[in-house]
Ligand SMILES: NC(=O)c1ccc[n+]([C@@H]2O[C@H](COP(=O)([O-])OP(=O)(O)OC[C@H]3O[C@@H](n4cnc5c(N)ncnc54)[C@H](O)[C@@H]3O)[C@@H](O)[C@H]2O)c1
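Given next, in structure tokens, is a single chain: the form predicted on its own.
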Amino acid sequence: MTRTLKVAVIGAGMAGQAHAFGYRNVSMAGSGELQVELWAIADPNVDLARTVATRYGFAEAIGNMDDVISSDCDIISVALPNFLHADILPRVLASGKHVFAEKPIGRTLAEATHLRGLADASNAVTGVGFSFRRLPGLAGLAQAVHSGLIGELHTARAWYNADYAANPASALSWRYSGEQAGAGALLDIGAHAIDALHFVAGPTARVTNATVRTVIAERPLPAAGAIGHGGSTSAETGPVTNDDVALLTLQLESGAIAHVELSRIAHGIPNSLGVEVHGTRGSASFDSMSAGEFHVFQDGVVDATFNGARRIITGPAHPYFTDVAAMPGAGVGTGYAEAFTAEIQEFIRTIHAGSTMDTNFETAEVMMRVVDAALRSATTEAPVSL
């Protein structure tokens, strides 16, 4: 008997559109027992919701989010600005529906901890969108490290450099408000970099040092209803109240030390998340700008004359590849779009199996503990243990 999962996405902005893309492309390969029904996109901007629903094949556009929460749908994806999660997510979790939330689940550790508790109390499957984990290249790197291919880790580096805020004329959206977003680059893109570091190298025990800085202190006010990172023609400006760049030094639970570099104003680097790790028998690295590959060096594998870092092209042997690649062969290429398909694929798979998703509200709270410790370390200029 075929089981149908009726899906709604709350939020029609950039992240909501990525979720909608994921649901449109999801499949249960080899299983005739599950079907996904693309029901509704909900957003107070109904015109935008309608555009997104039409683009991704959802049946309805809804302006009132409460109509979705009280509906008979099975799954709700929540992809809203950070400051709305504390209000909307408790109501969505209380509905008993399966919930997939965009990261971060709150602006602060207190909000994340509260929401994690609500998710833990739910009998439904709850997941959080740490999408970079689903790239076969990063997942392959983690697999290599966890298998001991480069020995015991002693040093790691993670970064997320982007240029979406490099233009001072970019509108003063909620992302630049400490009240509405929480931290800036440290949370917006740092959430992904910190989680990717944890995914590959293990959890953080201590923030030994943190520095955050706001470089562009004023930005023009946005137009009503604007989404994304576009410029503004307004002559009025307002203050930026969170960070543009952040540098963290961490001690991991394994004893390894790590450095995390974050910038949302990195001219010429549109979107680069990376992880580099060094162990007792080699090193390995991944950069999302070349998402279909990763690099591994193993000391002493062959004569030093011919030894060097190997460029490994992702293929069917790597996690998520067969779920998302257009063709089932190595080298056909996968990118960030496929990561959203893979994360929704994994979410649907856990619902089908009645299991727990590996990126859940606990994962989001663990990441937020690092952000919170980094902010305290930057303020006190002292180490902070988690």
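Note that the structure is predicted; figures quoted are calculated from it, not measured. In this text, residue numbers run from 1 along the sequence as written.
Omitted here: the form predicted in complex with this ligand. The next part is about that form.
**Q** Should the three residues Met14, Pro44 and Leu48 be counted as contacting this ligand in the model of the complex, with contact defined as a heavy atom within 4.5 Å for each?
**A** The answer is yes; Met14, Pro44 and Leu48 each reach this ligand.
**Q** Since exactly one of Gly279, Pro220, Pro81, Gly274 fits, which has a heavy atom within 4.5 Å of this ligand in the model of the complex?
**A** Filtering the options by heavy-atom distance leaves Pro81.
**Q** Report the residue, out of Phe321, Phe361, Phe340, Phe347, that has at least one non-hydrogen atom within 4.5 angstroms of this ligand in the model of the complex.
**A** Result of the distance check: Phe340.
**Q** If we define contact as a non-hydrogen atom of the residue within 4.5 angstroms of the partner, is Asp243 a contact of this ligand in the model of the complex?
**A** Taking the distances in the model of the complex, the answer for Asp243 is no, it never comes within 4.5 Å of this ligand.
**Q** Please check if Gly127 has a heavy atom lying within 4.5 Å of any heavy atom of this ligand in the model of the complex.
**A** Contact with this ligand, no.
**Q** Examine Asp195 and determine whether its closest non-hydrogen atom to this ligand in the model of the complex is within 4.5 angstroms.
**A** Heavy-atom contact with this ligand at 4.5 Å: absent for Asp195.
**Q** Do Thr314 and this ligand come within 4.5 Å of each other in the model of the complex, heavy atoms counted?
**A** Looking in the model of the complex, residue contacts with this ligand do not include Thr314, since no heavy atom lies within 4.5 Å.
**Q** Among the candidate stretches 295 to 303, 116 to 124, 101 to 109, 201 to 209, which one is within 4.5 Å of this ligand in the model of the complex when only heavy atoms are counted?
**A** Heavy-atom contact with the partner occurs in 101 to 109.
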